[in-house]
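In the form predicted on its own, a lone chain appears below as structure tokens.
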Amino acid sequence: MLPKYVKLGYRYLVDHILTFLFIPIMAAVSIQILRLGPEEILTIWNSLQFYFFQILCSSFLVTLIATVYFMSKPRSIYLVDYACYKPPITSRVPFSTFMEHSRLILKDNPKSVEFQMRILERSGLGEETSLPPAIHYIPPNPTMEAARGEAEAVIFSAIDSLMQKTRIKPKDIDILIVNCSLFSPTPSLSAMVVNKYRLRSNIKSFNLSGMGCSAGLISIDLARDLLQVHPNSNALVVSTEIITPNYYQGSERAMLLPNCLFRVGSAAILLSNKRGDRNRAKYKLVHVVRTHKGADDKAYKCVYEQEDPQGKVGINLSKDLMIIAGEALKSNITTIGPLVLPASEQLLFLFTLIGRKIFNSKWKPYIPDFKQAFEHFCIHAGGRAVIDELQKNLQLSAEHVEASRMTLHRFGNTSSSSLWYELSYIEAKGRMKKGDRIWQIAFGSGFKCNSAVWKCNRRIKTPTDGPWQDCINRYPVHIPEIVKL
């Protein structure tokens, strides 16, 4: 047990080093003042009066510098609230239904059916995930009308819930950002939202496409930058993925994998830089760190939309995906570590790095303990392998990744909106406390790894609505390694 207590003592000493240095200095100054006689104190006072003008000028200069500093300081960005789309029961796809459809659609290719069954058995998904109505047809009917219908259902539902929660009116929205990777119609999805809610004609609207599952945090980053230059503003961010036009109907195994994992989902988030929202906002945005590995050809093509030999379009997931994701995560951690880790962890990492460079390159690299920096982790629910890999690399406990695993089980991979279902899970469990720090990590095509750090701004009551309303008491559930179908 000694090494454990030694490490705890080391962390406490390093993280409070300024306090330990400040106390003896103040004690020494106090003792010195007490030793002074009345005449010496009077002499010091008279000398201060002599330099009154210099002291006044110095005070003015300090006040001026402080004023300039606080005026140039970046505006605080607050997350007022958010809402997630909850699919209706009629859109659920149990394993038996999914496999029956696969056998009927791929009746001439039993090996592809067997492959999908093996993936589904090991996917970590549950029996209550949902697909849009057009995919329930045999064969699927992915028309433009059906895709627009799905987009309207998931986006409008999330925004309606958010407006009801926050009581914000459409005319109060100054910035609109919608991200959807694979469905990019004309007019855009952002224009669809403007039309539905009759938003102002001078609204600053953006539509992000083709940026994968990490696009939600890219939208948050864009909103942050816009809120820095537009004071007293509200930003509405909508993150979703439209499944209808992107359900692969071919037989290539690498392109069948997304069919097994991706499901319906959407989230709407309200950000603000208004001082009046400081007390009611749930979270404060602390950092956003983005990593892009697209300069490398393997990383660029590891998630790639293409046609198969029969001309059917789908998303090809490379076998190197997890290796590339690991490299992107390392780059992201290298950037975010110094911003969030306590000094004790940074020093250990630095000493290990120097030791490996100078003394022995075979030394085991020190993995910083990010549990010292965060109370909650929201890891993109891209699949069981993604969660397993991050849990292992970051040395997280089962509870730290519980929100990600349960979101994958209940809702599947909802792409960029999955992080918000996970945050909603933590709140629904009553685990979020004022001052808690949250790390959201997402991966996306390109290849990108993006992080956002939030701090809980107030006490959050356990919600009585939301996507987990009717099932939170059943979670967490045991998820076996293989579910035999």
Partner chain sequence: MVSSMAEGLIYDVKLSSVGPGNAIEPDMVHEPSDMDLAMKLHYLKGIYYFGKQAFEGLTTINIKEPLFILLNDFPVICGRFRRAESGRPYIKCNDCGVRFLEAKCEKTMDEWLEMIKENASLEKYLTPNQIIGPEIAFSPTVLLQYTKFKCGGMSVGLSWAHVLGDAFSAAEFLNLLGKVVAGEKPNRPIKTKSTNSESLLKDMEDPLSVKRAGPVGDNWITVNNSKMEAFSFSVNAAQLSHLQSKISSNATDFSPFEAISAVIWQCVAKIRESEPKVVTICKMMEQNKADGNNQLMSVVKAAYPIVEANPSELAELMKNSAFDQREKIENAIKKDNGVSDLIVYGANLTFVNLEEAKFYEFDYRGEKPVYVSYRVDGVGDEGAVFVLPGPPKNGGMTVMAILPENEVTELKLELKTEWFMD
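If you're wondering where the values come from, they're calculated on a predicted model, not measured in any experiment. Numbering follows the first chain given and starts at 1.
What comes next is about the form predicted together with its partner chain, which is not displayed.
J.: Please tell me whether any heavy atom belonging to residue 97 falls inside 4.5 Å of a heavy atom of its partner chain, as the geometry stands in the predicted bound form.
T.: Yes.
J.: Using 4.5 Å between non-hydrogen atoms, is residue 103 touching its partner chain in the predicted bound form?
T.: Residue 103: yes, in contact with its partner chain in the predicted bound form.
J.: Quick one: does residue 290 come within 4.5 Å of its partner chain in the predicted bound form, counting heavy atoms only?
T.: Contact check for residue 290: no, nothing within 4.5 Å of its partner chain in the predicted bound form.
J.: So, in the predicted bound form, is residue 229 in contact with its partner chain at a 4.5 angstroms heavy atom limit?
T.: Result no; residue 229 lies far from its partner chain in the predicted bound form.
J.: Tell me, which of 136, 118, 280, 171 has a heavy atom within 4.5 angstroms of its partner chain in the predicted bound form?
T.: Among 136, 118, 280, 171, a heavy atom within 4.5 Å of its partner chain in the predicted bound form occurs only for 136.
J.: Exactly one of 128, 307, 152, 160 has a non-hydrogen atom within 4.5 Å of its partner chain in the predicted bound form; which residue is it?
T.: Spelling it out, the residue with a heavy atom inside the cut-off is 128.
J.: Only one of these stretches, 395-403, 240-248, 144-152, 85-93, has heavy atoms within 4.5 Å of its partner chain in the predicted bound form; which one is it?
T.: Going by heavy atoms within 4.5 Å, the stretch is 85-93.
J.: Relative to its partner chain in the predicted bound form, which residues of 460-485 have a heavy atom no more than 4.5 Å away?
T.: Going through 460-485 in order - heavy atoms within 4.5 Å of its partner chain in the predicted bound form - the hits are 484, 485.
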